[in-house]
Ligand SMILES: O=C(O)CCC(=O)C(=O)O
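We begin with a single chain expressed as structure tokens, specifically the form predicted on its own.
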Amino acid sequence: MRPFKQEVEQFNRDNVVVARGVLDAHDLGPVIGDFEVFIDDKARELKDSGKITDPAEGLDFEHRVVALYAQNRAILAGMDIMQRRSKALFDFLHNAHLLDLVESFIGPEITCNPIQHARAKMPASVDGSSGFMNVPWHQDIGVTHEDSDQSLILTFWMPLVDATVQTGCMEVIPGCRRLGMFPHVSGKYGTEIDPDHMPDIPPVPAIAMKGDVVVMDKYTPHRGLPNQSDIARWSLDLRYQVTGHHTGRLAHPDFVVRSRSNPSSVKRDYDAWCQAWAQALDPANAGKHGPFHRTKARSM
């Protein structure tokens, strides 16, 4: 198991750190391949139904989805982890190299928190207005139920292509755990920190290359920078927590992915995971244990 002593030390100081070279091609290849299959299937479906004219088959992973999105934004519909529910994504949630990093930060009893996303962030020239593409300043604690305030839940964000300032990496504000949770409001692009309560601390770009993982505390303010390149900035946004802690999303399924004390508790039943998400997303269950986003009226 690779030691992450320096990364943990920096995290304890700044509440955010970029861990370099955690994942390799063997780790990320199946996930990228899975999204390639998804995009190809969706492109054929849209082409057959007359909703696009060019399936852009000759373009690579980073460019093809941009060409398709420019024709019809429906290319990304159903792509998110809890919607896609592919075996490759489920397996990656158990990835040993990733969990070695997680264990260094939260210990050996690890549960996969249900707050998780996959994104193909479009160039600003194609979509510069969507809140899903340009996530505003927020803290992750602001989008979880207050019963999880004492839970140790960390964000592990990883790009599937290089995330630079040009391609729209995250921007973070270090050292904010001591300041607690800031008031959040419903903004134009989604839940955001009330602009009148933003900390007076200079933000820094969280530049991360393919294979790196950005580790963030739930009190770390962060946002997405605009993608000024011509490629999609693909990324995974995962959260892991100490087993037994409140997830902040009781209506959504969590599961144990590593346990040194009780290895048999690790859940590897892919079909059960799919069924749990299907049940959680059933419209009949909407609103259970919610709302999750803790927004207040704007300051006057």
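The structure displayed is predicted, hence computed values, not measured ones. The first residue of the sequence shown is number 1, and the count goes up from there.
The form predicted in complex with this ligand exists for this protein as well; it is not shown, and the discussion that follows is about that form.
Between this ligand and the residues Asp162, Asp80, Glu109, Asp140, the one pair within 4.5 Å by heavy atoms in the predicted bound form involves Asp140. Out of the listed residues Asn227, Asn113, Thr155, Thr144, Thr155 is the one that sits within 4.5 Å of this ligand in the predicted bound form by at least one heavy atom.
Contact annotation: this ligand lies within 4.5 Å of heavy atoms from the stretch 229-237 in the predicted bound form, the single such stretch among 250-258, 43-51, 61-69, 229-237. Proximity of Ile193 to this ligand in the predicted bound form falls outside the 4.5 Å heavy atom cutoff. Arg119 belongs to the set of residues with a heavy atom inside 4.5 Å of this ligand in the predicted bound form. The closest heavy atom approach of Lys218 to this ligand in the predicted bound form falls outside 4.5 Å. Under a 4.5 angstroms non-hydrogen atom cutoff, this ligand in the predicted bound form lacks Val126 among its neighbouring residues.
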